[in-house]
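In the form predicted on its own, a lone chain appears below as structure tokens.
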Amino acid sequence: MQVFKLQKKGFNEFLEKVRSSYELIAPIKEDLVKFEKINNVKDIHLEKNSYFPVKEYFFRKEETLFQFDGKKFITPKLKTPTRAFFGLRRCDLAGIQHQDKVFMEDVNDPYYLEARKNSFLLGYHCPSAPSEYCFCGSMNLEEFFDIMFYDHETFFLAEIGSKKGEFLVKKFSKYFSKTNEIISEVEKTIPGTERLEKKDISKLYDHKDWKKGVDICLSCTACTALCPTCYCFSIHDEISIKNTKESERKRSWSSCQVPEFTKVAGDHVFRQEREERFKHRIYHQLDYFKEKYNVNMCTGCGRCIEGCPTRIDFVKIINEME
């Protein structure tokens, strides 16, 4: 892959040029760090990973699939502005890649596709683990980005990973200079992120140690809401109170951690017990998804652990199983 150099003294100017051409989305720090539309590039915060994942820009929390006006169905016009996402860590980039497999390769979801096709993915390589709960180094994440930026003392090295990345380099060539420097495999690793010791949990399903997490789980769904890859959703119809002939069908985020998610006609719930739901999420992340797509669904960001009210560290639980 091609590598270029950008001087730090001109980096904000480069981002400002990107912002003037596209809608720039990057992490900012308010009460928490989160991805937002940038109005001032000086607000961009890279010291800590975003508390919330970037997935809501592609797989929206709630969106209208179609409307009914009493006579005909109306499909919403899909139009997303061209966006440049900056500050994406490897875990978030892998999260986008894994959701692409579900929403673009499997079902070709038009709503997701519209949001994804007009996006540039600009990564930021973590110089060290941004959280004590990170374990991305255990997940064998693939290279997936348009441009990945490596932070050095006075400059960035920019690795080009796609045609979109090449396009941006040409468009903003003033800020990119050719270099003979090579980004080694050692430099691509992130120290302190190889926390998950047991990679195969297929034979651990009935292990008694799962109770360590189950007994303090609140089924609050924070883990799935903060996950960059979880894609469970529900579909419901909303009827207008003013005119009962008008309605719309919406898709909203849901969670495998609530009994209602597997509730079917006759009030039967397939995963009624909390232990079943608790283990299902982890096995989907580390086992079931891999059986189908040959990659772990989980990207090792650790958000589900950091955001858990009772701080359930399932990585520690798995490591301690004998």
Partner chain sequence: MKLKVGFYGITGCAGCLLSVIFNEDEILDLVDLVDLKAFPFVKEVNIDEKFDYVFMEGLVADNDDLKTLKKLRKNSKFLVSLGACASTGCVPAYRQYTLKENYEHLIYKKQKRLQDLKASPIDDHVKVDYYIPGCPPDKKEIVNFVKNLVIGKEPKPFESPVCVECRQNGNQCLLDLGKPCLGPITAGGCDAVCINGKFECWGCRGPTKDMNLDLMIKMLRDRGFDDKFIQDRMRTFVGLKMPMIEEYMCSTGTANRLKTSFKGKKEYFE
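Only a predicted model underlies this, so the values are computations on that prediction, with no experimental measurement involved. Numbering follows the first chain given and starts at 1.
Separately, the form predicted together with its partner chain exists; it is not shown, and the next lines address it.
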Mark Leu226 yes when one of its heavy atoms lies within 4.5 Å of a heavy atom of its partner chain in the predicted complex, and no otherwise. yes
According to a 4.5 angstroms non-hydrogen atom cut-off, is Leu204 in contact with its partner chain in the predicted complex? no
4.5 Å heavy atom contact, Ile44 and its partner chain in the predicted complex: no
Is Pro309 near its partner chain? Define near as a heavy atom within 4.5 Å, in the predicted complex. yes
One residue of Val169, Ala129, Ala222, Leu157 in contact with its partner chain, assessed in the predicted complex (non-hydrogen atom, 4.5 angstroms): Ala222
So if I measure heavy atom distances to its partner chain in the predicted complex, which of the stretches 115-123, 173-181, 233-241, 80-88 falls within 4.5 Å? 233-241
Heavy atoms within 4.5 Å of its partner chain in the predicted complex is the criterion; list the residues of 28-61 that meet it. Asp31, Leu32, Lys34, Tyr51, Phe52, Lys61
